[in-house]
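As a starting point, one isolated chain is supplied in structure tokens, in the form predicted alone.
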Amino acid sequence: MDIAIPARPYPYPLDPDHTALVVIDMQRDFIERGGFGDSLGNDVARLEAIIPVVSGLIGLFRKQGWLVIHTREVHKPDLSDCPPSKIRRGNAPLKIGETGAMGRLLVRGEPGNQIVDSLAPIAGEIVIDKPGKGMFWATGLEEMLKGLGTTHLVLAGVTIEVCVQTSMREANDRGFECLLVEDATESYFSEFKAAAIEMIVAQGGIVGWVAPLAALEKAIG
């Protein structure tokens, strides 16, 4: 039986038997000083601030025994899966593949590419390494989710206007019912978060639903 989660633009029908949580890119390169986000001149403290809420959300799913999936934006060491245009873009002092305070930026196996310690995956949870913004391109995630019978996705992570919204839109196009936990996601820019949320819930939830963690906690119990 579905669980009605108070949400915008109307209650989200969470199906407990077919739901997964996707925590997007809560990796050191985006959240900690010395990482890729910091190299672009962003205030990483904004992203760091949501860690306790994301931890609470993960804990809620673990308590229920529901599937938890983590993603990381990552490239092969030879950067063969990273378009040159992506490397050039941004005009940052340090670019993808170059060495920063936590190793080579956005490169598989480097310290900065790891999920922050307090949100680290545990046994049985899935980790998806994605070379793009969206979680489906070149990852096999769609086939994995459909093989598991997953129809509903709860999303969290960073940044809301790039990897989170891209992944949510891609999931929407593939028929998944998506709920974004609004206090478990963030942007380096407050106005971007506000705009992204309004885009998601516009026109009767054209991309999906949005709700705070407290709404899930109260409804799920």
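Because the structure is a prediction, the values reported are computed rather than measured. One-based numbering along the sequence shown.
What comes next is about the form predicted in complex with tricarbonodiimidic diamide, which is not displayed.
Just to be sure I understand the contacts: of Leu40, Ile51, Leu60, Ala195, which is the one whose heavy atoms reach within 4.5 angstroms of tricarbonodiimidic diamide in the predicted complex?
Only one listed residue qualifies here, and that residue is Leu40.
At 4.5 Å by heavy atoms, is each residue in Phe30, Lys133 and Glu161 next to tricarbonodiimidic diamide in the predicted complex?
Checking in the predicted complex: Phe30, Lys133 and Glu161 are all within 4.5 Å of tricarbonodiimidic diamide.
Considering tricarbonodiimidic diamide in the predicted complex, find the one stretch among 22 to 30, 148 to 156, 61 to 69, 177 to 185 with heavy atoms no farther than 4.5 Å from it.
Looking at the partner contacts, the answer comes out as 22 to 30.
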